[in-house]
Ligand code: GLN
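Next comes just one chain, in structure tokens: the form predicted alone.
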Amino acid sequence: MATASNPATNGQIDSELDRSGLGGHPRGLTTLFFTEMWERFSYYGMRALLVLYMTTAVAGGGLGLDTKTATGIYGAYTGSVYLMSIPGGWIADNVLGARRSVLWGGIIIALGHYSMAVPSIYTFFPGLVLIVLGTGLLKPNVSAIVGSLYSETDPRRDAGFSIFYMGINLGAFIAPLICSYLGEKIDWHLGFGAAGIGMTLGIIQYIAGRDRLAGIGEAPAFPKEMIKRNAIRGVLFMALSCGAVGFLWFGPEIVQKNKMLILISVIVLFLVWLFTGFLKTEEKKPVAVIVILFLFSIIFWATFEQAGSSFNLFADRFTDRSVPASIQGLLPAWLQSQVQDGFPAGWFQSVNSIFLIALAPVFSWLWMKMGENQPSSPAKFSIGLFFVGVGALVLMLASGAIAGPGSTVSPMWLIGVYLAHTIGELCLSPVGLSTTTKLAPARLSGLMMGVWFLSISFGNFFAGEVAGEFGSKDALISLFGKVATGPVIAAIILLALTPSIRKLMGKVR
């Protein structure tokens, strides 16, 4: 968590004196709410199209890739987006400060989307790389700034992150409706361009609201020569991280076949380095909690992030997307012609966000109402893991209901999946963000937030590989059965470990 000793954030606002913002929260939360809303609009709008675009035949305007290759690229991309949070957090702490990192990150993201809007494979992949780099700068630092708005003991803290999380999902709800329609029904690249426009709007409002964040996220007060050296190191850090992912996914065949084993080895080596050569003695207990939650978070996101790959393909190939004639008759003539062959598969990507928008205030109120009696962070994680496993189980049952080749199932199956996943997400994701900012040593706030996003990164890497098993009815039952089992077992293990973890947390819940 950022405090006065952290040069990247340059102090916390005295939150007890600032209740002039949304719902009695610090006013800076409103600016960050809309910044993240538009950034997530750009991300989820493009994400809803990505696998479908890559697997669509060239004659249909896509890339014509097979499912395994497309989901592998998708996993590499989404995993890299969060992997860049590590160098992005480091750059904020040592070069730009959190506030400028968010600004520059947004600009680079927008350029990436506009690059993908150009109908050429030579601009498609560079566009993905730009989005990866820009998100690495923006994502961890906008969350770190949210944490800086509150003191460690402020009872509004978890509620503030829940409101912030609702902003994320407002953008994620709107984006697939617009971008999927433009991409699937008109032209793929129009959808990618719309995502870029969303990020541009986010940049504009962030600049307009910069006064609300005065005194937070300032650049470090280091000598100029040190800043220059750190900038070079930061660029090299990002380049090496991107290069490593490229080598694992597109390098020699023997490397590609063993990339998951290599990733696990990297996780182990990273944790060993963190505890043996980097942390001070008094920092080890709180960071140990972050690391434990980090490991269980990987399992959660490996299941949850099937949404953009295997779940999206299930929506496209095995789900009834027809619009009843009675509803078609209520639509404008131009839209009736667009939905005669079914609504866009990407629209299902908005279902999770609809539930989040509806339920986030409920969970925010619930945690506030329960106060000191609410479940601890590890217990909330256990609940989240259980529900994400239940969601995958629902889709396994839906796969069993497929009658045969060419048949489809009711869209209610996917809606049920996303309801379960929404409950799980609300119990884990905003709580993980909040807990990380509370437990992180002051001097490592950006890095520790990067560690949290690293768990999402590795979860996405694993999710992309698992989604490669997507195929026939029997393959789907096997795929979703495996995806359901892991998080449920993990939930039971974490629940058993919760008393020990709470001892390491001290006064932090």
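The first residue of the sequence shown is number 1, and the count goes up from there. Fair warning: this is a prediction, and the values are worked out from it, not measured in the lab.
Omitted here: the form predicted in complex with glutamine (GLN). The next part is about that form.
Between the options Ala345, Ile168, Val132, Ala360, the residue in contact with glutamine (GLN) in the predicted complex by a heavy atom within 4.5 angstroms is Ile168. Contact annotation: of the candidates Phe192, Tyr74, Tyr82, Phe161, the single residue with a non-hydrogen atom within 4.5 angstroms of glutamine (GLN) in the predicted complex is Tyr82. With glutamine (GLN) left out of view, the stretch that reaches within 4.5 Å of it through heavy atoms in the predicted complex is, among 39-47, 57-65, 436-444, 461-469, 39-47.
Contact between Trp301 and glutamine (GLN) in the predicted complex is found at the 4.5 Å heavy atom cutoff. Contact annotation for Glu184: none of its heavy atoms lies within 4.5 Å of glutamine (GLN) in the predicted complex.
Using a 4.5 Å cutoff between non-hydrogen atoms, Lys139 counts as a contact of glutamine (GLN) in the predicted complex. The shortest heavy atom separation between Met448 and glutamine (GLN) in the predicted complex exceeds 4.5 Å. Using a 4.5 Å heavy atom cutoff, Glu305, Glu425 and Ile456 all lie near glutamine (GLN) in the predicted complex.
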